[in-house]
Ligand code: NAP
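What follows is a single chain, given as structure tokens, in the form predicted on its own.
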Amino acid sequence: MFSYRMPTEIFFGRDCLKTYGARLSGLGAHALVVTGRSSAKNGALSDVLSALAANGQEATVFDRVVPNPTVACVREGIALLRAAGADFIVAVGGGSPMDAAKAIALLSVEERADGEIFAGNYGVRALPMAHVPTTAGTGSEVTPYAILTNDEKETKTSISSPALFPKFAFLDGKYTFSLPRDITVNTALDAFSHAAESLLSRAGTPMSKMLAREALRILYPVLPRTGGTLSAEERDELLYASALAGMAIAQSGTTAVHGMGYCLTYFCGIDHGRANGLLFGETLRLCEEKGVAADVEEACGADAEEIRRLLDGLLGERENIPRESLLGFAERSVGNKNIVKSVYEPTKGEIERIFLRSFGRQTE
């Protein structure tokens, strides 16, 4: 027995905002457009504002979203939303603007003190949202999660509610054409990790596994080329695969790689997608030893060693993180809710091994 819910309506293809922008008219009269600085350069923000203007809708732009958004950033967005009288949200950007937009949409109708934001048990109300991703990796446009920096716990923590599914997602690969190499690689690694972890989740369902396999079938052959020049068609493939992977984790959640990777992002400032990539190879090695890696290998059409070599080539030189810090990250990761979801739940010693070997440190 399983359930499946994915209420987001997706529009995919070149100039889909222009073609289907009238659908935004049903969301409200005044949009808070939540974004970062890059959307003004890739054309996405202009297209969103044009679509809203064509509908006769007002717009207020909140472009102060920081990477790995904080509670303070969300509070600033809520204040602007209320001052402007906005009644719906359009997120434009990568994972950070989309996560911030979701938190603004939820917390603007369900007020909580800072200390209660990560307590869970949210209701099913949030302001309506449309999302326009400008990177191919997070898949947040089709998930019910928002990931925020949790300074109290010194990590990143997700909040979840069915209300966090956007009403609409507009996926146009042209917004990713100008992405630099590092962002292209890191976001692709994030999408890869989502799809692979969905297959390694004990919460996986027949639907999530189908979506994850299809995501990896499309993504894995393109992944080696993310370090070079990609065609428009390959950019589109990455964006499509990212959405499929997002749809997969919307059902299954993520697993050990994400649970461990949050430490690398919080304490070392390592990009989220790169953090996943750094830890995935050794995690897959452990899964292979425990006999649970076959689904990922079959979907990629490659064995675990080939997958590790591909990731190593994309990742390049590893960060120089002291052994003591890595062991501390392992200690923090034990019992993380993502790790507990893993089809094979690694022990503390195995988590230490993953961290140490991922950065070329001896395990003894």
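Please read these numbers as outputs of a predicted model, since none were measured by experiment. So that there is no doubt, residue numbering starts at 1 and follows the sequence shown.
Quick note: we don't show the form predicted in complex with the named molecule, though the next part is all about it.
Asks: Consider A86 of the chain shown here, and say whether it contacts the named molecule in the model of the complex, taking contact as heavy atoms within 4.5 Å.
Replies: Result no; A86 lies far from the named molecule in the model of the complex.
Asks: Though only this chain appears here, would E197 touch the named molecule in the model of the complex if you measure heavy atom gaps against 4.5 Å?
Replies: Contact check for E197: no, nothing within 4.5 Å of the named molecule in the model of the complex.
Asks: So, S178 and the named molecule: in the model of the complex, are they within 4.5 Å at any heavy atom pair?
Replies: Yes, S178 lies within 4.5 Å of the named molecule in the model of the complex.
Asks: So, K156 and the named molecule: in the model of the complex, are they within 4.5 Å at any heavy atom pair?
Replies: Yes, K156 sits close enough to the named molecule in the model of the complex that at least one of its heavy atoms falls within 4.5 Å.
Asks: Note which of P128, G281, G204, G95 lies within 4.5 Å of the named molecule in the model of the complex, where distance is taken over heavy atoms; exactly one does.
Replies: Looking at P128, G281, G204, G95 one by one, just G95 meets the 4.5 Å heavy-atom criterion.
Asks: Between the options T226, Q251, S193, T187, which residue brings a heavy atom to within 4.5 Å of the named molecule in the model of the complex?
Replies: So the residue touching the named molecule in the model of the complex, by this definition, is T187.
Asks: Where, among 282 to 290, 130 to 138, 72 to 80, 204 to 212, do residues come within 4.5 Å of the named molecule in the model of the complex by heavy atom distance?
Replies: This holds for exactly one stretch, 130 to 138.
Asks: In the model of the complex, does every one of S161, T255 and G335 come within 4.5 Å of the named molecule, counting any heavy atom?
Replies: Spot residues vs the named molecule: no contact at all.
Asks: Between 23 to 51 and the named molecule in the model of the complex, list the residues on our side with a heavy atom within 4.5 Å.
Replies: The stretch 23 to 51, when checked against the named molecule in the model of the complex, contributes G36, R37, S38, S39, N42 at the 4.5 Å heavy-atom cut-off.
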